[in-house]
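Structure 1 and structure 2, given next as structure tokens, are two forms of the same protein chain, each shown alone.
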Structure 1
């Protein structure tokens, strides 16, 4: 069987987990074995939700110490489940928790792990394609080991439900945990007092780079973002200049976004930036340089100075809204 580590919020699987399940089902199909899942703190409906993606059995880890996230204890639970079930492979989403838990499992079992995979040909060894450089480069690699451990790159796989889902059977799994496994755990969640839409969830993102010129000049972009109910982002260059906080940074070492529309203004489109916004459905670039990489990557482009275009656009949107 293939075991998948599914993250969920109150029973609703995270997008990255559903993407992972789509690849996991493919791997299970290649081996002709069932797909099973492990979840922590089961919410209502999680079995039905993952059943729709082909999971036949859900192992719900039940232990008082780990209702909240505890990386080492979660990993030890998965580790014990792997010992019991002896799956061909364990797949996790390429999320922070997915990478962390699976890296612990790999380390505990002395196995290699392949991060951010896109495609797998299963066999005695797995031939797989995975992301390097945040996805700017792909690596074709061979993964060996008694149990293959891999995470699945987020925002890359189109999810697909199975034709006639029957829902999954749930089964409780009680791990044996030592105090040491429980030494690191989530203590509390601090709510941010920032207003506005988080970058990762925004439908539209307006973003600025070195071409914006100063922190003050971001006001024009802020205004456009307000008018479009958009979040504001920035390139690494603008963060390094001290114009924006790192929380706004889109790129390999910042936020990876997947909005309907991304509007980069005065951003050249370096590799490390494009990795952060390649999930965008549409890109509308505003840039003075027709040769800039961002123009090439964009669906729409205006080759002009953002300091002239953005205020004029703001005015037009205001007029349209007043008229409506």
Structure 2
């Protein structure tokens, strides 16, 4: 049996979990064993939703002490379920929670864990293809262990439902948890008060880096973003300077974006930044340095001072809109 850890919101599986289930079903098929899932809180419709991707049984964790996300409690619940079911492998989505929960499980069981996998050939040892360095490198690896533990890289697997889903049956699972398992838990989610188009949803993103010079100079970039109905982003350097909030950061430790057009202004193009914007269809770089890494990655580049280029762009766009 293959066990999958599924995240859901009110019974609707997260996209990263659906992608994971597609790969998990393939692994189950290679072993010729059923695919099952573990969820926390049932959520109306979750069994039907995951059943469409080949899950036959959903194990719903039920414990009075678990109110919301609690990484150690969730991991110990999965750990106990693994001891009971003895699956060939446990797969989780490559989300923050998926990585954290499965890492705890790996530590508890003394097993290796492979993160951000794209392809699996099952056997006594698993032959894996997985992402490294934020997706800039693909690694071929072998995963061994009594139970294989792996997470699936998000936004990389094409989801595919089964032809004739029967729906999954549900089974309640009650773990035995100690006080220390419940010592860490989610208490409150604080929503960002930033206005505008979210970075992850924007078709156009305008970003600024250290070359912008100050928080006040971002006004020119914000004006350009408004004119283009774009989102505003920044590099880590601008965040470290205190010019922008972390919510605006594009990069390995910030947002991953995939707009139709990305306009980085005064950004050098470090590897960590490029990890965040590698999904962009087109990059228009504005930079004074023709040797900057961002220029090498760009589809189009303006080698000039952003403080001259951006105001000129703003004026040209306003004139075009006024004349339309």
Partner chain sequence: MNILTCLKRVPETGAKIVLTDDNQEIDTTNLGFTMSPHEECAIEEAVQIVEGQGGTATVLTLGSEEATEQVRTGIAMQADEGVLLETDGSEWGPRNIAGAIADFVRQRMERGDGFDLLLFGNESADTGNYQVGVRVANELDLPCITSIKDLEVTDDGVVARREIPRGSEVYELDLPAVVAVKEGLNEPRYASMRARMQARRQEVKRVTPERRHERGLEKLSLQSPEDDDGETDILGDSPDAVPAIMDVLETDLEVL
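We call the rigid core the largest set of C-alpha positions that still match within 1.5 Å between the two forms. Numbering follows the first chain given and starts at 1. Just so it is clear, the structure is predicted and the values come from calculations on it, not from any experiment.
**Q** Just checking, which of these two is the form predicted on its own?
**A** Only structure 2 fits here, because that chain is the form predicted on its own.
**Q** Would residue 238 count as moving between the two structures, using a Cα shift of 2 angstroms or more after superposing the core as the test?
**A** For residue 238, whose C-alpha is compared between the two structures after core superposition, the shift is 2 Å or more.
**Q** Kindly check if the Cα atom of residue 68 is displaced 2 angstroms or more between the two structures relative to the superposed rigid core.
**A** Result for residue 68: no, shift under 2 Å.
**Q** Aligning on the core only, does the CA of residue 23 end up 2 angstroms or more away between the two structures?
**A** Stays below the 2 Å threshold, so no.
**Q** Can you give the CA shift of residue 296 between the two structures, in Å, with the two forms fit on their core?
**A** Value for residue 296 between the two structures: 8.4 Å of C-alpha shift.
**Q** Rigid core superposed, I'd like the Cα shift of residue 277 between the two structures in Å.
**A** The shift comes out to 3.4 Å.
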